[in-house]
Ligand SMILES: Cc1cc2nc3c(=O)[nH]c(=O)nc-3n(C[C@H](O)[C@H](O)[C@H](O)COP(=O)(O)O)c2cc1C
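Take a look at this one chain, the form predicted alone, written out in structure tokens.
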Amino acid sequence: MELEQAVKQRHSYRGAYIQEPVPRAHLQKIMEAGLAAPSGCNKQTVSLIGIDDAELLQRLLSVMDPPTCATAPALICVLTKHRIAYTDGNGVPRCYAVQDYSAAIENMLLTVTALGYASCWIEGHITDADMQGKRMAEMLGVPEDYELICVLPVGIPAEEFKIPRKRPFEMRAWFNGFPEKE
């Protein structure tokens, strides 16, 4: 699939998945795309754990409520480690972990789409007060100085889905400034 086609077809899928394993080579390709993303000041704050073991996957998914990806045959856990990129002129430390993992996740989601799979960036309950990500991180032996920030289910969708309609370019993008109100 061409990049432009993957960009236009990529969307969040929250439905059921066909129970067909995702080949490890595909998971690795997806994860490599994530790690190839740019990183602020090259601090490389993103780490990943691919889950393709069915028993471990079920234990991890049992922690998730609501069970958005309960039937996913594979899962990628996105970890971040806050590293100070630099300290600005006012002595304020700057960290680009959010930008780093955002770029990594989108690279992976585009690769998921290009390979014919579906996924969804699941972060809400992972990082909310219920701290599902922390419990999952403990199950995976993730050190305390890392945070499990997001999970990406990966698999072949079992349900037909429609690509959401986007508002026209002219309503959301302009050249050389914001348009004047009419």
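Residue positions are given as counts along the sequence shown, with the first one as 1. If you superpose the two forms and keep the largest set of C-alpha atoms that fall within 1.5 Å, you have the rigid core. Every value quoted in this text rests on a predicted model; they were computed, and no experiment measured them.
The same protein also has a form predicted in complex with the ligand, omitted here; what follows describes it.
Q: V46, A114, I49, I122: which sits within 4.5 Å of the ligand in the model of the complex by any heavy atom?
A: Only one listed residue qualifies here, and that residue is I122.
Q: Examine S39 and determine whether its closest non-hydrogen atom to the ligand in the model of the complex is within 4.5 angstroms.
A: Heavy-atom contact with the ligand at 4.5 Å: absent for S39.
Q: Taking the shortest heavy atom distance, is K166 within 4.5 Å of the ligand in the model of the complex?
A: Within the cut-off, so yes.
Q: According to a 4.5 angstroms non-hydrogen atom cut-off, is Q19 in contact with the ligand in the model of the complex?
A: Taking the distances in the model of the complex, the answer for Q19 is no, it never comes within 4.5 Å of the ligand.
Q: Can you check whether R24 is within 4.5 Å of the ligand in the model of the complex, heavy atom basis?
A: Output for R24 is no: heavy atoms all beyond 4.5 Å of the ligand.
Q: Among 55 to 63, 122 to 130, 30 to 38, 139 to 147, mark the stretch whose residues have heavy atoms within 4.5 Å of the ligand in the model of the complex.
A: Looking at the partner contacts, the answer comes out as 122 to 130.
Q: Since the partner is left out here, which residues of 7 to 27 would have a heavy atom within 4.5 Å of the ligand in the model of the complex?
A: The stretch 7 to 27, when checked against the ligand in the model of the complex, contributes R10, H11, S12, R14 at the 4.5 Å heavy-atom cut-off.
Q: With the core lined up, does the C-alpha of I163 move 2 Å or more between the shown form and the other one?
A: True for I163: a C-alpha shift of 2 Å or more.
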